[in-house]
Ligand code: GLA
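In structure tokens, the next block holds one chain alone, the form predicted alone.
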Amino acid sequence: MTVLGAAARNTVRTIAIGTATLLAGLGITPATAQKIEGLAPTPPMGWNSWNHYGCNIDENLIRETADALVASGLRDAGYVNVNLDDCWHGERDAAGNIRPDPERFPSGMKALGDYLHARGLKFGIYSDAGTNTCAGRPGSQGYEFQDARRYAEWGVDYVKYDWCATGEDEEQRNPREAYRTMSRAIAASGRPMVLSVCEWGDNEPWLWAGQYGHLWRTTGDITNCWDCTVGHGSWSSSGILPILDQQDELRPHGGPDGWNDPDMMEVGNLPTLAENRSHFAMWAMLAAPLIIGTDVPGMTPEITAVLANPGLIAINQDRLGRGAMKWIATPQWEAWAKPLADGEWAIALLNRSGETQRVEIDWASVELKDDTFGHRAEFAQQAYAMTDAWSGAAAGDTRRKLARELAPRDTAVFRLRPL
């Protein structure tokens, strides 16, 4: 536990008094400020710097990425949040105000936010509920209201709030208190900001984080492999399938303005096009936030086409806001079903294996029932027209058996509309 000296205690006391005065002037107290509702009616979409760049970020990279999002059409496809992850921080000034790294961001964060906003993008930033961030930069513990006020001055629209340096065992900070405090700080700042609760699923945030944030991490960190777990000493990161396998039971807790978050996407970082397609398809089916984690300026046309696919994005952004459920499961392939608005459905056929799989579904002989949310498809009584979500082409209807050859680790997706 850190023990503050007299000078530091006086600084914290001054900050607290200044913050209280500001809030009183706005008619707000920390106890009454709450999450700003309605900022994420559909899963957030955008880009984050961490997966591809780690700490190697600066203002030129962020501007180049913003320009590439616009030029590639990804902004117009919905990817509007440009989120700086860890390592943008400099030191706090004498009054405790957080400052950007002066070498990496010499123009300052207000100028960067203005650059993004001028291009129809939103500005996202990162901090941590502990004393330090995961990379050792200044955290926001004890400075929540001051930091949120500074973010508002910079024009920030989105805050990812991590969970490093929050103590251990009996001395660990209470996560509900930590995220409630930052949520209230954002509300009191006077600027609407999405709050991403990045607590790694350690304390079942799907049960409580919706009071404070607009999305919450359900797992530890993702990594760019298909089916692996990578140890890092006291923690580990997981590939696509291990993270996917943890999501099905969490679907009752996600929905409009409060989304289960299986972490940022590794689309563009995986070795095969099929793996990238499947990763994107399943995150779209889960109603997960679609946050790109790759090199946008250097992206290949094939990866751009995956990320910008209108059929898959429409499934992800469907206004009903239901995540997919695992419907049919075999050791080699799975069928996932996602109810959509207006009685429609999305069906994803996922080949988990490294071999081609033949998948057949006799619609008249199977039952599709979503007991969690009360949706049901009676294929024997109601026929559905099918569209291939990847291509947009008609794919017959459910009066005929569906038969497909799935390439290794690939995923077919169909949208079903009642006839």
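This one's a predicted model, so the numbers in the text were calculated from it and none came from an experiment. One rule holds for the numbers: they count along the sequence shown, beginning at 1.
This next part talks about the form predicted in complex with the ligand, which is not shown.
- The ligand in the predicted bound form comes within 4.5 Å of a heavy atom belonging to residue 162.
- When contacts are judged by a 4.5 Å heavy atom cut-off, residue 151 does not count as touching the ligand in the predicted bound form.
- Contact between residue 135 and the ligand in the predicted bound form is found at the 4.5 Å heavy atom cutoff.
- The ligand in the predicted bound form is approached by residue 50, whose closest heavy atom lies within 4.5 angstroms of it.
- Only one of 280, 126, 79, 345 lies close to the ligand in the predicted bound form, with a heavy atom inside 4.5 Å, and it is 126.
- Put simply, of 86, 295, 334, 257 only one has a heavy atom within 4.5 Å of the ligand in the predicted bound form, and it is 86.
- Contact with the ligand in the predicted bound form, defined as a heavy atom within 4.5 Å, is made by all three of 200, 221 and 264.
- Considering the ligand in the predicted bound form, the lone stretch of 308-316, 201-209, 71-79, 154-162 in range is 154-162 [heavy atom distance within 4.5 Å].
- Scanning 228-251 for heavy atoms within 4.5 Å of the ligand in the predicted bound form gives no residues at all.
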